[in-house]
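Take a look at this single chain, the form predicted on its own, given in structure tokens.
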């Protein structure tokens, strides 16, 4: 009782509700899912949650071709979409930064795609790429570029392109907003000095603007890599992992294994492999961010 009434206990007592909420919402589910990844836990047989089988789920994953296909497809998906979003976002930020009138309106318009839920965007692009009534095929027909409808969501490669297009459309504005913030914070003196020394626009961008933006780029890459790696809604709505699993990413495969096949232990093992991959991406981008900041400090 005296311990609880001590002044030193007051901060801990005040933090106790928050700690309990974090334990209930984050720590307990994480602990249960980690434990279940070492069990043959099946949703239709709850007692299997108490059978410890060690690393067997992880060993089975390493021998599972569907897992490796989904893993490779996820890496390609993350790499392609992140780089496209970076290039397009940087272009948008540079354009908006050069505009002197109506910049606030443009910044608001740029944020529109972020306001839509991934499910809604998935439905929109499912309609846009529909081979019978979709806007893309109709436009190509009207322009005389095709004579037969293109099966955008039926053929594997085209379906992946369609899903990536939807993801890029929705998330490019994240890069644009972050990079525009970097451009607005860019000190003017080095640029003016470079112009006085006779540097052209390309040289100013290459040697001053881009190095200054690198920390912002790596922050955006870190945030988006975590987000893109968890892509589920868009794929689920547009293709449901099809055709024949050729657009299935790690999270859609996990949902199928866990909820359709009821193999929750295996799905959780897959989830932890995915989390470790995301952590590796984050560590990589964080190290690049630290290196970029050191470079900037050296320049300053």
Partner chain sequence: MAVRGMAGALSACVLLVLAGPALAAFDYGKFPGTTVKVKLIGGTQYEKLYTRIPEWEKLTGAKIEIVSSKNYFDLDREIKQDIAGGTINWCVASNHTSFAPQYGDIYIDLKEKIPADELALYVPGTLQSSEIDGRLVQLPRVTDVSNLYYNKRVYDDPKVRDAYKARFGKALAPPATYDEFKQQAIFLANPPNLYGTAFAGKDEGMTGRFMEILRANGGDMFDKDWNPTFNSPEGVAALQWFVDLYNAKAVPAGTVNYTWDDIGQAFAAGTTAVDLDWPGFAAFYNDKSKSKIAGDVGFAVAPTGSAGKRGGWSGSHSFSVSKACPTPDAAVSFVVFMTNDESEMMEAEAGNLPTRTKVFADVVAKFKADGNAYMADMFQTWQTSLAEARTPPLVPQWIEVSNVVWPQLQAAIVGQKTPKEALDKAAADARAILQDAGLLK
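Residue numbers count along the first chain shown, from 1. Note that the rigid core is defined as the largest set of C-alphas that superpose within 1.5 Å between two forms. Computed from a predicted model, the values in this text were never measured in an experiment.
The protein also exists as the form predicted together with the partner chain; that form is not presented, and the subsequent description refers to it.
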In the predicted complex, the one of 207, 107, 126, 195 near the partner chain [non-hydrogen atom within 4.5 angstroms]: 126
Taking the partner chain in the predicted complex as the reference, which of 149, 91, 113, 118 has a non-hydrogen atom within 4.5 Å? 149
TL;DR on 197-205, 170-178, 127-135, 212-220: the one with heavy atoms within 4.5 Å of the partner chain in the predicted complex is 127-135
Interface membership of residue 273, the partner chain in the predicted complex, 4.5 Å heavy atom rule: no
Decide whether residue 53 counts as a contact residue for the partner chain in the predicted complex under a heavy atom distance cut-off of 4.5 Å. no
Are any of the heavy atoms in residue 154 no more than 4.5 Å from a heavy atom of the partner chain in the predicted complex? yes
Report whether the minimum heavy atom distance between residue 244 and the partner chain in the predicted complex is within 4.5 Å. yes
Which residues within 44-59 place at least one heavy atom within 4.5 Å of the partner chain in the predicted complex? 44, 45, 46, 56
Core-aligned, does residue 262 move its Cα 2 Å or more between this form and the one not shown? yes
Core-aligned, is the CA shift for residue 275 between this form and the one not shown 2 angstroms or more? no
So that I can tell if residue 47 moves, could you say whether its C-alpha shifts by at least 2 Å between this form and the one not shown after the core superposition? yes
